[in-house]
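Shown next as C-alpha cells: one chain only, the form predicted alone.
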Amino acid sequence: MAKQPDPSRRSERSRQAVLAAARELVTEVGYAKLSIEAIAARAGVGKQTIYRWWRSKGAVVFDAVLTLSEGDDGMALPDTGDIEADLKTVMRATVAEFADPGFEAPIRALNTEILQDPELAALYREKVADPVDEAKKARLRSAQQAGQIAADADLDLALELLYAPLYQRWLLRSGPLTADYADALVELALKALRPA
C-alpha cells in the first residue's frame, strides 16, 4: 500500500521555499520591486499559498528575516568577564552582518515596511528588538555587577550609545562598517559608562 504524503511536511517545505525566495528576491531586486507574484513564482507555489500564511509582502519579508537568526544558540551575549572584549566581539559581528548583502537587503526592506506598518513595527519589537535588547542589557548588568560599568548607568541609554551610531551609518550609508569602527564605538561608549 502506497504511503500518503504528509501535508504538514509539504506545507513546511512550501513555507521554507517562500521565505528563501523572499530573501533572494529582495536582495536581487530590492523591496520596492518585490511582489507576492514574484515570490510565488520563485518558490513554486501559488499566490494563495502565500496569502494563507502572510497578510502582505512586508509580513513575508519579516518572517524571512527572522529565519536568518533561527538556530542561534539563544540570545545570550558572550560573558568572558571582560565587557570591552565581549562588546567588541558582538559589535564586530553586527557590522559584519549589516555589511553582508544577504542580510543587509532583507533588513533594509523590513525597515522600509516597518516605517509604514505600525502592526508590523509592534511585531518586530515583540519578536526581535525587545528580546535582543534584553539579552544585551543582561550582559551590561553583569558588567555593572563586576564594577566594569557604573552601577547607576541607564542601560537603555547605554544600548543607544553603542548601536545608534552604527544604525545611522548603515541606514544613511555614510561610512564603512568595519571592525575598527565597531571597536571605536565600544571604546567611546565605555568611556561614558565606566565608573567614575
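All values derive from a computational prediction rather than experimental measurement. A residue's number is simply how far along the shown sequence it sits, counting from 1.
The same protein has a further form, the form predicted in complex with another copy of the chain, not shown here; the description that follows concerns it.
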* Contact test, all of A38, T89 and F103, partner another copy of the chain in the predicted complex, heavy atom 4.5 Å -> no
* Heavy atoms within 4.5 Å of another copy of the chain in the predicted complex: does A76 have any? -> no
* Taking heavy atoms only, is S174 within 4.5 angstroms of another copy of the chain in the predicted complex? -> yes
* Asked: Could you tell me if V132 has a non-hydrogen atom within 4.5 Å of another copy of the chain in the predicted complex?
  -> no
* **Contact test in the predicted complex: Y51 vs another copy of the chain, heavy atoms, 4.5 Å** => no
* Within 160 to 196, the residues that have a heavy atom no more than 4.5 Å from another copy of the chain in the predicted complex -> E160, L161, Y163, A164, P165, Y167, Q168, R169, L171, L172, R173, S174, Y181, A184, L185, L188, A189, K191, A192, L193
